[in-house]
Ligand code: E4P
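Coming up is one lone chain in structure tokens, specifically the form predicted alone.
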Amino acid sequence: MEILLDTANIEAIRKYEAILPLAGVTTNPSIVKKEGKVDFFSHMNTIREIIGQERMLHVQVVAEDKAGMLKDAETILDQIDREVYLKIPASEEGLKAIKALKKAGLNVTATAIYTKMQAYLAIAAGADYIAPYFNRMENLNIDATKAVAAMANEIEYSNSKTKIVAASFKNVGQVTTALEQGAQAVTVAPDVIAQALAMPSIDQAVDDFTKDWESVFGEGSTIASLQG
């Protein structure tokens, strides 16, 4: 399982990079908008510095036609680095761009996937990752659970190297469902991760362990303090 952080917020990336076994960070124009009018490439390079070269950085093109997407992609690679995963919408023009980028040996994530057919075409085009929008699919009355399972089956059946990086989650249940249906990766916003770690039962268990320990070994003591 690969966990990616779905944000461009530097503070959140620093925080969760220290907590989670992150595989990388994903961004898109809507996520970048939340940070205000930043120096885009400087901001992306700061993210790269935080996560390092060994982790993935996914950056999305903005142009809507193949030629524009390829120009955006080349600019991203020039201004950040050649290891960036280029996020390309799985539209008609996007599929053209995905084919060209993969022919050039570049890293590609097919994004804005709502249907199984989109996913199948992106898999056939050689995308490294496909990003189905789980919550948005459910909002459109599309069975996201069955769709992700079908995508996973197609990857296995075709012996493809493509991975599913499920995206667009509003709660922890959607994340776990996507993984249970065969998604190899998920990209999760900081607020959803916070939901997962904010259960009162977790804090209660930690408090109970501490109280039980201190009842025997003294208030404020720890295992390390026994050496002293």
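Counting begins at 1, following the sequence as shown. Being a predicted model, the structure only gives us computed values, none of them experimental.
Not pictured, yet referred to below: the form predicted in complex with this ligand.
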K163 within 4.5 Å of this ligand in the predicted complex, heavy atoms
no
Any of the heavy atoms of K99 lying within 4.5 Å of this ligand in the predicted complex?
no
Counting only non-hydrogen atoms and a 4.5 angstroms cut-off, does K116 reach this ligand in the predicted complex?
no
Even though the partner isn't displayed, in the predicted complex is K170 close enough to this ligand, meaning a heavy atom within 4.5 Å?
yes
If contact means any heavy atom within 4.5 Å, which of 99-107, 72-80, 150-158, 132-140 contacts this ligand in the predicted complex?
132-140
Using the arrangement in the predicted complex, list in sequence order the residues of 6-31 with any heavy atom within 4.5 angstroms of this ligand.
D6, T26, N28
